[in-house]
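There is one chain below, alone, in structure tokens, taken in the form predicted alone.
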């Protein structure tokens, strides 16, 4: 079976998630190429060494270029802050590596386009970390829409809300640096925008309001100096899809008490679907025309919803976040090995970035903007 040398740049939250996924992918998906764990790199060399030992990588480095230039590495996962994505991805592409990059792909549409074109010009397989749409129930929802089970789609209401930035005394960080792009509309908004596109196709128009609620934060942990915040904390978007229906999307990283409110309500002439990542092993389905007293029916994830059965043979035992990441990485490795590309790739991430940028422009002009 074909083997692929794996390198991961970054040892934080997503770096660890990628490491777990590469270790688990072959066990759940035995037909993919064999991932060989070659190297982890991080700006903090001791952190890289610790992660390499923990996850069974052959080597580590305090310089990401060592990883990108290693001829034993075929696949590079980039899990750093998005301000670093472009330089790392372009270097990996130039070295002939296939690239998985976390979202958002880049601070701007222009940078995302440059990365996309570079990869496509060299025939590089790419993927971007929109792992929530790898949920078997999200794939079922898309199939139901495509099969006409909901009839004509009449509306979409989506939200991604968390509270990791709600404390006004939390310090300024890279997430708040406008050099890295806009705030929550890109950080969390890209997930729910990507999910909306996954279910219903392209978004053609946006009318958005971006709001900065916490105007300044401590310049660093424990500092008395305050630094102005120049990016958004809440983004509210009215959208119109290319298919003709409208919708509402919210992104919010100061939603006190919310840890992972990523979800949607999708309505159609024949029925509706309701989903929340907070209970992501179930989805609610309402079928119009029946006894209204019956209400919504709960669809519970099970082996009948591929690839759930690759992890567990029993319904109701539930998948977890790292399982979704494993599905994502397994599909990526399968595509690198010559199988069907599952995406989202750099081109889809570029399309998502165009919606984000249209939202920023709409908020500034206080008007509808076309997604170009």
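Since we're looking at a predicted model, the values are computed, not measured. Residue numbers count along the first chain shown, from 1.
Absent from the display: the form predicted together with another copy of the chain. The rest refers to it.
The contact residue chosen from 236, 98, 103, 197 relative to another copy of the chain in the predicted complex is 236, the criterion being a non-hydrogen atom within 4.5 angstroms. Shown alone here, residue 271 lies within 4.5 Å of another copy of the chain in the predicted complex, counting heavy atoms only. Contact check for residue 317: a heavy atom falls within 4.5 Å of another copy of the chain in the predicted complex. Using a 4.5 angstroms limit between non-hydrogen atoms, residue 30 touches another copy of the chain in the predicted complex.
Not displayed here, another copy of the chain is kept clear of residue 109 by more than 4.5 Å at the level of heavy atoms in the predicted complex. By the 4.5 Å heavy atom rule, the three marked residues 68, 177 and 225 all fail to count as contacting another copy of the chain in the predicted complex. Contact with another copy of the chain in the predicted complex, defined as any heavy atom within 4.5 Å, is confined among 90-98, 115-123, 76-84, 295-303 to 295-303. Although another copy of the chain is not shown here, in the predicted complex the stretch 250-280 places heavy atoms of 250, 254, 255, 256, 257, 258, 259, 260, 261, 265, 267, 268, 269, 270, 271, 272, 274, 277, 278, 279, 280 within 4.5 Å of it, in sequence order.
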